[in-house]
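Below, in structure tokens: the form predicted on its own, a single chain.
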């Protein structure tokens, strides 16, 4: 079957949730058993997301193949339950690098190299090449940014050009504000945005409307008239308790049947078992039987997207256990000022996620000590594993002055040290220990084995510093369990406290957590957080 294409654009402003819309379209097509995958275009001139500040861009998502990509890729994988590759990420940096390299080689045979047709042809060739390589029925393309941005204009022009010869469906995501003083939903911004899109030669097949409240009938009628669309193609995207409700909400509006009709796939039938399973999990998120409070202790907590994968992994584990997760975002610098007990006394479980830089590390160590001494279930991720090592070395093994050389180069006890392969590295992008690594579980009498039910696991990594092997035996003598190592036994992957739930991994298991396949360590952590009875 010839590949069909769905292109998702955003108008008016960023942050409306194109990633969720794209993921929902992917999930709907997957429920109809089509071979579907996404491509994401980002207009920034970075080659990838690896050097971006999480305060500005949200978390960096890491793929099995070491790709450092936009956080929307996490959303795609969570909904679709498939692994993606770096080929699915197109950035302005990659495109310009490729075009300039071709020009320097003389590939254009003396032509004046221009955005049209050289750049647009290159984009179309890359997209169609991926579709052919993966034998896709449908390729869903998210154009990052907002229509009208200089950064994505050439990409949108490429999509218009591709629609001349290929079956392409365009979806525009917009925002419908409701001004309190007026008391009605306002359509004028969207009318102007649709006019701008149509001036580019693109007539959207659907208008998806992000709103705080459901679309009113008069709003739908006005939008339909000014966008030249039938009313049933104006799709409500109002706020729901969980993002995983969005595909079901779209199906309720018959969006799936209209989309399939536009793609010339109208005879397809949805898999009712898949639909029922998805509905069941959504119900457990919306109306869980139990609830638990989890504290996430970090340094970027004012922007929750910095820890998007951790947050979603908790939701997935909660859906698995019919448990609602109440997240308490705790800034680690506040713990340094106020003390761990004051900031964490209501936590049923504590997570210290990944991060870089010295700011707030002592607050995180204080949180870990509080968890260990008060038998609060603890899960450490990447830096959370390194700081668990530091805390144990200082407060259990008596190694006063223990630290990571990331924060103190001349630490007395360098229990965490830089990877030998990282010494002398000058380029920051794409140079860490990245991607999927094999981990061997060393003990079947461990939290790790109970969680994974396997002697070998694969998780994704993103870091430069490691557990210093000189301290393996001293730590083990003091009671630390090293429950996971790399296949060659050269690097420590998982550590645990004995006699209570405390586990930390050098990997980022949150990156492989899916709504229908939760990360095992997160499931075990939530179970422990529900069950642990702390001493008074």
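Positions refer to the first chain, counted from 1. Everything numeric here is computed off the predicted structure, so don't read it as measured data.
Just so you know, the form predicted together with a small molecule exists too; it's not on screen, but the next bit is about it.
- When contacts are judged by a 4.5 Å heavy atom cut-off, residue 356 counts as touching the small molecule in the predicted complex.
- The shortest heavy atom separation between residue 457 and the small molecule in the predicted complex exceeds 4.5 Å.
- Contact check for residue 79: every heavy atom lies farther than 4.5 Å from the small molecule in the predicted complex.
- At least one heavy atom of residue 508 is located within 4.5 Å of the small molecule in the predicted complex.
- Among the residues 256, 336, 406, 87, the one placing a heavy atom within 4.5 Å of the small molecule in the predicted complex is 406.
- A heavy atom within 4.5 Å of the small molecule in the predicted complex is found for exactly one of 415, 343, 127, 382: 382.
- With the small molecule left out of view, the stretch that reaches within 4.5 Å of it through heavy atoms in the predicted complex is, among 155 to 163, 226 to 234, 457 to 465, 365 to 373, 457 to 465.
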